[in-house]
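Let's start with one chain on its own, the form predicted alone, as structure tokens.
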């Protein structure tokens, strides 16, 4: 079964996932592909190698943080996002696309504070299909989930999450997906779905929001971004390769 999983390419995923590129997505498919496409099985020798040299970036870096004040928490988040959307020969992974910084910026704003949602009781467990049911705000769920990932790493492997091999990280993330980790005020499965959705949003949203660096996420799907007009191409019967454009003019 493990060998079959490794044969799943990111090209196949990008073709069949049906992800709505360039918009916020709530995807439900990427979770089953955790870690399948990481180079060499995703087993880097140290944290910096797996993070593409970004493990030590701080608030003073070009992608300066707005929410996370703890470097280790941010690095745990970064490693988890990379396992969900790993780099391969088709293009960068979550870290290269700036997804951790996208999530950081979102948690610092209205998304992280649930500012546009009803957040009064009663807070019942609810069903998966009922959507957001927790009394906790997203920023609180992310912080708790990250700390729980670190606790699971220490409990299972006596190492920090950022020091684990790729398959060990996958084991922990999959435990969250299967709701096997105890969390307070929210289920582990719900945290996983929030994390997975945020990764997809960061990889495919407009670069003006901090992710999809260089529009590389769009380029992997030949998505043209936000063009002012298609009037010079609309009548063509041939497939058109169009350089993507961002709303913010970022390249």
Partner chain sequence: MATTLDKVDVVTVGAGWTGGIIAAEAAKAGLKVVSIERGRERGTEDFLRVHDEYRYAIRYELMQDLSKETITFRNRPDQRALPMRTMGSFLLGEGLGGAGTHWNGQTWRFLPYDFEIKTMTEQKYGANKLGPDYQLQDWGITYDELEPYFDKFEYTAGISGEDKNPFAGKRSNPYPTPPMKKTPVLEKFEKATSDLGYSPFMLPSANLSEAYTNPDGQTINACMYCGFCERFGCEYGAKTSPEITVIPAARETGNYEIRFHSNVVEVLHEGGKATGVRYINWMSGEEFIQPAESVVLTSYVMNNAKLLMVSNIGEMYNPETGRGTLGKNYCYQVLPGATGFFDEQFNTFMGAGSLGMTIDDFNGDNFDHGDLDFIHGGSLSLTQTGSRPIASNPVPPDTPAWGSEFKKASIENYTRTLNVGAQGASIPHRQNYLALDPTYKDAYGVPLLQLTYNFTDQDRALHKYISEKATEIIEAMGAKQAVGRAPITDYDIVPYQTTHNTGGTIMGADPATSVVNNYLQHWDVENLFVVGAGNFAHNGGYNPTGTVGALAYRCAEGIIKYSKEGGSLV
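This structure is a prediction, so every number in the text was calculated from the model and none was measured. Positions refer to the first chain, counted from 1. Only the largest set of C-alpha atoms that superpose within 1.5 Å between the two forms is called the rigid core.
As for the form predicted in complex with the partner chain, it is not shown, yet the points below apply to it.
Chemist: Pick from 164, 76, 95, 84: which residue has any heavy atom within 4.5 angstroms of the partner chain in the model of the complex?
Modeler: Checking each option against the partner chain in the model of the complex, the one that comes within 4.5 Å is 84.
Chemist: Looking at heavy atoms inside 4.5 Å, which stretch does the partner chain contact in the model of the complex, given the options 154 to 162, 84 to 92, 67 to 75, 140 to 148?
Modeler: Of the stretches listed, the one contacting the partner is 84 to 92.
Chemist: Using a 4.5 Å heavy atom cut-off, state whether residue 186 contacts the partner chain in the model of the complex.
Modeler: Residue 186 lies outside the contact set for the partner chain.
Chemist: Can you tell me whether residue 180 touches the partner chain? I mean in the model of the complex, with a 4.5 angstroms heavy atom cut-off.
Modeler: Result no; residue 180 lies far from the partner chain in the model of the complex.
Chemist: Residue 225: heavy atom within 4.5 Å of the partner chain in the model of the complex?
Modeler: Contact with the partner chain, yes.
Chemist: Test of understanding: in the model of the complex, would residue 104 fall inside 4.5 Å of the partner chain by heavy atoms?
Modeler: Taking the distances in the model of the complex, the answer for residue 104 is no, it never comes within 4.5 Å of the partner chain.
Chemist: Enumerate the residues of 162 to 198 that have a non-hydrogen atom within 4.5 Å of the partner chain in the model of the complex, in sequence order, or give none.
Modeler: Residues within 4.5 Å: 170, 173, 174, 177, 192, 196.
Chemist: Relative to the superposed rigid core, does residue 130 relocate between the shown form and the other one - that is, does its Cα move 2 Å or more?
Modeler: Yes, shifts by 2 Å or more.
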